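Have a look below at one chain only, the form predicted on its own, in structure tokens format.
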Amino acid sequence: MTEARIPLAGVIGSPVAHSRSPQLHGHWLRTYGIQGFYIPMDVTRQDLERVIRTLPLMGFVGINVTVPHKEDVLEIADKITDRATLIGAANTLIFRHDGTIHADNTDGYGFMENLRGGAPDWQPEDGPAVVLGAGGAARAVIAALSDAGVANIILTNRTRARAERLRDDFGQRVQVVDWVQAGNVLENASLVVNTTSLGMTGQPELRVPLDGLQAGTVVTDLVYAPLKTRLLCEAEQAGCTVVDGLGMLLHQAVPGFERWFGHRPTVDDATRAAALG
């Protein structure tokens, strides 16, 4: 008597030991009684394509992709969603039964779900959104905010040319300001998003002046180590609504888990505790 193959998934990056995704997906697998495994894999750039094309033969149904491979996997995938194409990166791969590899980006979905959960009163028409940083995470955030209907996105980055490239890709709703002027555009913002690694454990602090923050502004930081960055602490003291970055990690994982294991998981307090543990 034969049995179906146990579905395998995982996360590929380099380094990858810091990833909280194995705790997160392992928690969901146990919670829902699903026979499956989620495995962290440290893979170098030169081995990336060979490894990805081998995984389906081993029983893998898909993987998450983290730095530095999010852009490179677009060259390997057979089909790419429009949002992954727009963002220029993929964080989720699905291995189909016919052998094709589908690439998607769920970072924007995770960002918006986390924002709606942590700041339910925020509305896209409330006013300008200020985005700090112009990397891959910023692209996902800007795409999500644009889809949600935010009409004015103020983008600032330490390297202005990189911010201008995003403006060229996303159009007139994106306005670029110099990094040294970042503190001056906070006063009228309804939403402030830090997409940089500044403030993360082991990284320099975010040095943008925050005295322009107004009570009621929603401030979110994609950094989740520590959960309360200096940005969030000072924003909270100013009376802002603050949203930490852990929820984005949790919510972006939902679509992938559902596609791989056939059950849509719920993000709740137990999920947060599992990811933090």
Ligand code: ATR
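Being a predicted model, the structure only gives us computed values, none of them experimental. Just count from 1 along the sequence shown to find any residue number.
Keep in mind that the form predicted in complex with this ligand is missing from the display, and what follows is about it.
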For Val130, is any heavy atom within 4.5 Å of this ligand in the predicted complex, or not?
no
Answer with yes or no whether Gly135 is in contact with this ligand in the predicted complex, where contact means some heavy atom within 4.5 Å.
yes
How about Leu198: is it within 4.5 Å of this ligand in the predicted complex, going by heavy atoms?
yes
Exercise: Phe170 in contact with this ligand in the predicted complex, heavy atom 4.5 Å
no
Where does this ligand sit in the predicted complex: which of 185 to 193, 91 to 99, 120 to 128, 136 to 144, heavy atoms within 4.5 Å?
136 to 144
If we check this ligand in the predicted complex, which of the residues in 153 to 177 reach within 4.5 angstroms of it by a non-hydrogen atom?
Asn157, Arg158, Thr159, Arg162
